[in-house]
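The chain that follows stands alone, in the form predicted alone, written as structure tokens.
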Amino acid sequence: MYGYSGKILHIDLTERKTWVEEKPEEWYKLYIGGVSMATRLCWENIEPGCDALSPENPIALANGIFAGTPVPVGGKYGLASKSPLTGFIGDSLSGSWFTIALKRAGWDGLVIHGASEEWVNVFVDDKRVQFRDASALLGLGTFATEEAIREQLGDDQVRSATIGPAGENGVTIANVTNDGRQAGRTGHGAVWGSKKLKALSVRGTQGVTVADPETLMALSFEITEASQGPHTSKYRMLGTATNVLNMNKLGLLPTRNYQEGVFEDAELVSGEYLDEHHKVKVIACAQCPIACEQMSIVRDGEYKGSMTGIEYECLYANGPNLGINDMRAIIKLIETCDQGGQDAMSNGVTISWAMETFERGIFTKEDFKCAKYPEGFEPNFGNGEAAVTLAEMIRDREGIGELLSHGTRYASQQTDKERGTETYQWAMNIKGLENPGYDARALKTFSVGLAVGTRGGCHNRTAAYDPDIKGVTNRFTVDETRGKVAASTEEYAAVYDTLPLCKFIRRCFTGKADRAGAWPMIAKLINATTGWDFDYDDVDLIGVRAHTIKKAFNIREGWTRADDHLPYRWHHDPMTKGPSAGYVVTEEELEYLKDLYYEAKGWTKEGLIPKEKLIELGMADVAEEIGV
């Protein structure tokens, strides 16, 4: 088999044993890699209905089909488990050198079972697996953990995926970090922490064999050349932070916990400002010719020396959404998250909920006591010092940080239960996952894409904001086309998440970010790597199957139509400023959009998947469990 080893490594942390599972080529043709294969491995190995933080919830990693090859932006892997935030599938992507090391070690994927009694660093050294004592690594941040492991092993080629103090402490919004990149959403760090898995380290020394190296090299060079042109210029120059001013202009920039879509100080927290005052350099992932990550530093003031990579999603969440206009405090906030190992998006949105709850008089200064401020402090919007302190309290589960460490859904439910309040009305999450940096009240297609998403509030699993923002659809209205558009963009995104390829390359195939432009080239890349005979329709089915297996996982975990929802605020509270003022997505509109979407997917009116649909996709075993 070309492009794959045909082998999945299983690791049991409880019994400290391993075994190898060999998969047939037809299985790989169905699930390919990335989040699709990782979810399928969860489907096969999880105890349905289990507690996400129990030993019965496995960790599944699946490599990319192009990892370790010349294919640009192909160095990514998928990570999946049942999410402790949502109770549904938690699927994330990360990339860079860890992915390539895993591929060179000869593994297409890993499944980690059980839980260790003591903190452990699992070291996959080609075919050998060591269970190493990780007690000396406890308390270290994510970046420091990676360096310490390389030092312990005396090999700077060892690559590690790690958790920081947040994961160790069971923070539900904790993530997993490797090579400065994060599998950043749905709470993977908490799952690793529950298993006492501090790190997974890999050393791979083998080569990667492809079917047609000459063709693959020629295609890769063509794409690399295109990636240095105008189609990626905004990412190369300013990174995704350039979206701050774009979203602000459209009235879609979440401000003060999504109360408005326009931030009066957007210029001070823009990608342009970041570039002029704070940028140190840009960094690229392995196999990436684009280099979008803006490494930024605080040069003066209280947080002098703080440095981390800045992207739009973490910038909006910890900047405008907190009402903070001081880029120095924002950099410190994101650094605290990245080194502590907690999702910067959920961190910012959760703190913004706490700030609004304080400003509405439900929380008081007394609620914010901590070792640093024994008398308490006042976390008003715009207070950067308070936000940094709250991020540290969340990481350490100190004081009110214990409540906030579980995200906005849990925090609002507990507060409302204990105080008889209705803070859920400004808890900005979908299915328990905090929302991304695009206000959906004036993005009607995107609103249904978010509501029905298998992951929760996520812009990466639906591309439905694209037609809304570009004017392909009227973003302020609803019509009968939106179900098809939402379904199509979701499956389009799932292709990239399954290969996986970074979506920033999407216009480098023909200059167009659509199926017609990308699918023929992607089919050629797959065929040159594997020797298969994929065509346009086969590529399309990659996305359909990827989304279907995630949806099937959720159905088996008890999903119902009611779980496809939007936050109360987006239904009832129109913004008052900017070009998106006055709009909401009414509950009637959302129900109509859901009907259209389910119909476009070929599902029942309740959003369940017919058996024949699953059988057509090669998922007969899944059909037996959840098909209708």
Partner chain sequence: MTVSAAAIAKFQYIDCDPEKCVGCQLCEYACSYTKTGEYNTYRSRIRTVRAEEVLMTAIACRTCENAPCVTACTRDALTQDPVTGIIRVDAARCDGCAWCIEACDFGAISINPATKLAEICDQCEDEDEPQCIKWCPKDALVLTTPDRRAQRSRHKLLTEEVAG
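Residue numbers count along the first chain shown, from 1. Predicted model, so just to flag it, every value in this text is computed and none were measured.
This protein has a second form, the form predicted together with its partner chain, left out of what is shown; the following refers to that one.
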Worksheet entry | Exercise: Arg104 in contact with its partner chain in the model of the complex, heavy atom 4.5 Å | yes
ask   = Is Lys524 close to its partner chain in the model of the complex, meaning a heavy atom pair under 4.5 Å apart or at it?
value = no
Indicate whether Leu245 is a 4.5 Å heavy atom neighbour of its partner chain in the model of the complex.
no
* To do: Give a yes/no on whether Val544 approaches its partner chain to within 4.5 Å in the model of the complex, heavy atoms considered.
  => no
Partner-free chain; cross-checking its partner chain in the model of the complex, the single residue of Leu250, Val120, Cys285, Val298 with a heavy atom within 4.5 Å is Cys285
Contact with its partner chain in the model of the complex, heavy atom within 4.5 Å, among Gly517, Gly114, Pro213, Gly376 goes to Pro213
Assert contact_stretch over 165-173, 69-77, 534-542, 259-267 against its partner chain in the model of the complex, heavy atom within 4.5 Å, equals 69-77
Q: Give a yes or no on whether each residue among Trp353, Met355 and Met575 has a heavy atom within 4.5 Å of its partner chain in the model of the complex.
A: no
Taking its partner chain in the model of the complex and a 4.5 Å non-hydrogen atom cutoff, the residues of 186-209 making contact are Arg203, Gly204, Thr205, Gln206, Gly207, Val208
